[in-house]
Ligand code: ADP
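As a starting point, one isolated chain is supplied in structure tokens, in the form predicted alone.
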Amino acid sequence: MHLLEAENYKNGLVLRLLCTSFTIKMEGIDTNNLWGDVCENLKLSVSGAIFSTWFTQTHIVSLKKNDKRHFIEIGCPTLYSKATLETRYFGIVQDTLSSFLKTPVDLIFTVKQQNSNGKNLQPVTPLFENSKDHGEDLNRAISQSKLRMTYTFQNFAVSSSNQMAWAAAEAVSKNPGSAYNPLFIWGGVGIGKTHLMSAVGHSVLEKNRNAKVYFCTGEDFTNDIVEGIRNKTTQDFRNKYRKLNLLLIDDIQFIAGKVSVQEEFFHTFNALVYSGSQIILTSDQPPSEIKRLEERLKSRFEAGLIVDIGPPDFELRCAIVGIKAKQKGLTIPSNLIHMIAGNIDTPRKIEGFLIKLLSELTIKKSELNEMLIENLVGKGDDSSPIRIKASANDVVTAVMKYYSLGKKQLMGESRVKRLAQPRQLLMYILRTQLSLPYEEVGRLIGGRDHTTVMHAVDKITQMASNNVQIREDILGIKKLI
């Protein structure tokens, strides 16, 4: 009989079974030492903030054995922490205990506290729980600050393309208001600017639940000003923004060209900086290139640190796939992670692809394999690479530049791999991205037969599904156009 079914939790059968049916106690096991060892192991699997929030006040209430299974009751300080451990960390606790005891383990979480002597205290269950639970306080603070729950430093993958931005954000989180103020992060769409900025907010709130942190977009800031002017509540607006410890504004370029909004932001910026508060801004371009942004604002943005985030490389995309898949409860083999990372070029597209993959697995009950990944990648929606808009000559020039080849080498007859593969890639891009007829592609590349082009396109299509370098080459060429 399995003791962890949902109905058992609802009606308390588990606890009664533990108290009546399974009476064989393990001899020679010190539960305090066992739980201490388990907690040391858990520290390696979760962040320090998560561990201190949810695990530091837990303990083993009872440990019993029947046949080849252990039955363990874990005491939690509050109902809220019990519910969180059951829903979020049940599996990792169960697996860790099983590895230590070398047997299968069934768990139950109950609300029981320990006194200073390590003895269990019976829980008091009020009608409304009023305990100052740190985890509950943190979640409430994060929600009130408008931060995304999953946008933390622990969930942010770092590589050479974003290492500078990550280091700057981490420095700010350790010393807000002093390290770099303002911190201005810019880069393309969907590459992690918002995630990194929000991670600073999480870090500040983890250290001080009472810190005044607020995240908004440039559009939100504009709308608040408009509402303040319309309803004659501009003082409320100023009280909201000018008394913050940390202001996070995403897509600040949205305020450009709006005179009254820039005026109000200028004074808000000054008030926050002068009071020692931290400001972090993101944009799709550096301050100097934002059109219709007032010079006085540009100068203030440039007075802090400006860092950019580049497109993620293959290794970083693999890490992002792994992190986001884990968040969604997906276990994806490394070869399929490589296939996804080789075909999808931004974190945001990876997120969308994994959502689509999860629906295929849960709703349609599809099997997770290379064919499924290949089919989903090839559907031509938002998760697949965007088609380029260029002339045939532009593509030829890009391929020559990417491989450092001359035109005669690229168009020649040599079948040496270093020349033949770029030539086949050129045929592939001309056919798939510009939709040129096979005959036209052959004519452009040295007057070749259309069957030669068909062979090249088929070969690169197959290689692109499982060859990381080919995918990287295709993306690199498209970025040059």
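Quick note: we count residues from 1 along the sequence shown, nothing fancier. The model shown is predicted, which means the values in this text are computed figures rather than measured ones.
In what follows, reference is made to the form predicted in complex with adenosine-5'-diphosphate, a form of this protein that is not presented.
Undergrad: Within 4.5 Å, heavy atoms only, one stretch in 294-302, 91-99, 266-274, 319-327 touches adenosine-5'-diphosphate in the model of the complex. Which?
TA: In short, 319-327.
Undergrad: Which of these residues, Gly342, Pro287, Pro182, Pro347, gets a heavy atom within 4.5 Å of adenosine-5'-diphosphate in the model of the complex?
TA: Of Gly342, Pro287, Pro182, Pro347, the residue with a heavy atom within 4.5 Å of adenosine-5'-diphosphate in the model of the complex is Pro347.
Undergrad: Using a 4.5 Å heavy atom cut-off, which residue among Glu351, Asp224, Asp313, Glu86 comes into contact with adenosine-5'-diphosphate in the model of the complex?
TA: Exactly one residue meets the criterion: Glu351.
Undergrad: Is adenosine-5'-diphosphate close enough to Asn162, Gly190 and His195 in the model of the complex that each of the three has a heavy atom within 4.5 Å of it?
TA: The answer is yes: all three residues contact the partner (heavy atom, 4.5 Å cut-off).
Undergrad: Using a 4.5 angstroms cut-off on non-hydrogen atoms, would Ala171 count as touching adenosine-5'-diphosphate in the model of the complex?
TA: Answer no; every heavy atom of Ala171 is more than 4.5 Å from adenosine-5'-diphosphate in the model of the complex.
Undergrad: Hey, in the model of the complex, is Phe156 touching adenosine-5'-diphosphate, heavy atoms inside 4.5 Å?
TA: It does: once adenosine-5'-diphosphate is placed as it appears in the model of the complex, Phe156 has a heavy atom within 4.5 Å of it.
Undergrad: Although the partner isn't part of this model, could you tell me whether Tyr151 comes within 4.5 Å of adenosine-5'-diphosphate in the model of the complex, counting any heavy atom of the residue?
TA: Looking in the model of the complex, residue contacts with adenosine-5'-diphosphate include Tyr151, since a heavy atom lies within 4.5 Å.
Undergrad: Which residues from 408-423 come close to adenosine-5'-diphosphate in the model of the complex, meaning a heavy atom within 4.5 Å?
TA: The stretch does not touch the partner at all.
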